[in-house]
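Next comes just one chain, in structure tokens: the form predicted alone.
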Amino acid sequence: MKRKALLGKKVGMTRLVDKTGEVIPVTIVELGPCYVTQVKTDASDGYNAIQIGFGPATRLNSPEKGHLRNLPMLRHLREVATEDSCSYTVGQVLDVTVFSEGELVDVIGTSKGKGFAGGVKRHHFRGGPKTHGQSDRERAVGSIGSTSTPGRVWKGLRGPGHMGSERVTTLNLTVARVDAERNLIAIRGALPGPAGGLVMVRNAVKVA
């Protein structure tokens, strides 16, 4: 599949008003410019993909400096699988103009970290009864064992634990506006992650 994708920084949410007067909630993303840092082909690597880089880096180690030889110091590198990798060259600059208004895109980011959370907040458990002597078990998970066989708690069972800081992909969002001069794109709806967080915007892969 031919894939186009760019890395960017989430700026924040605002709203736009279209020609009919409808108020549209959008998220502004500073998208690109990104540099093609590596081209992989079926002949050389066994599959087709490109690696793109975004954001200035202040320090690089020796392997990174060698990998980015004759390129700017880039902080974030991501690989994008695409069938037309042969049409790209190392050092090529990709900007926000690869997307157009009305296009459907997917946005990949890291969700906000919430720290340690209980089962009610983390997995929307109902909690225990509020009466019959329950004084401190209203938000408890409850019994999660499996009786005498196997007589233990299965690995991966939902429960309290670290919440957030996970890779989240939001599908089929609409591009509301593209500002090529300022490398900004307005995407309808909310995007994962905090303001200032790294996101990847790609063309939609599961178009309904």
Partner chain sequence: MTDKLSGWNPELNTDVAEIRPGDTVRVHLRIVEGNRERIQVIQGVVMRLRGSGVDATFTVRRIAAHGIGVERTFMLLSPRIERIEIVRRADVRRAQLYFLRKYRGKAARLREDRSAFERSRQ
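Residue numbers count along the first chain shown, from 1. Note that the coordinates shown come from a computational prediction; the quantities given were computed from them, not determined experimentally.
FYI, the form predicted together with its partner chain isn't displayed, but the following is about it.
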Open item on the list: Taking 4.5 angstroms as the heavy atom distance cut-off, pick the stretch from 137-145, 153-161, 24-32, 49-57 that is near its partner chain in the predicted complex.
Closed with: 24-32
Open item on the list: Taking its partner chain as it sits in the predicted complex, is residue 179 in contact with it (heavy atom to heavy atom, 4.5 Å or less)?
Closed with: yes
TODO: Using a 4.5 Å heavy atom cut-off, state whether residue 190 contacts its partner chain in the predicted complex.
DONE: no
Open item on the list: Against its partner chain in the predicted complex, would residue 200 count as a contact residue? Criterion: heavy atoms within 4.5 Å.
Closed with: no
Task: Contact at 106, 113 and 204 by its partner chain in the predicted complex, all three, heavy atom at most 4.5 Å - done: no
- [ ] Can you tell me which bits of 62-86 touch its partner chain in the predicted complex, meaning any heavy atom within 4.5 Å?
- [x] none
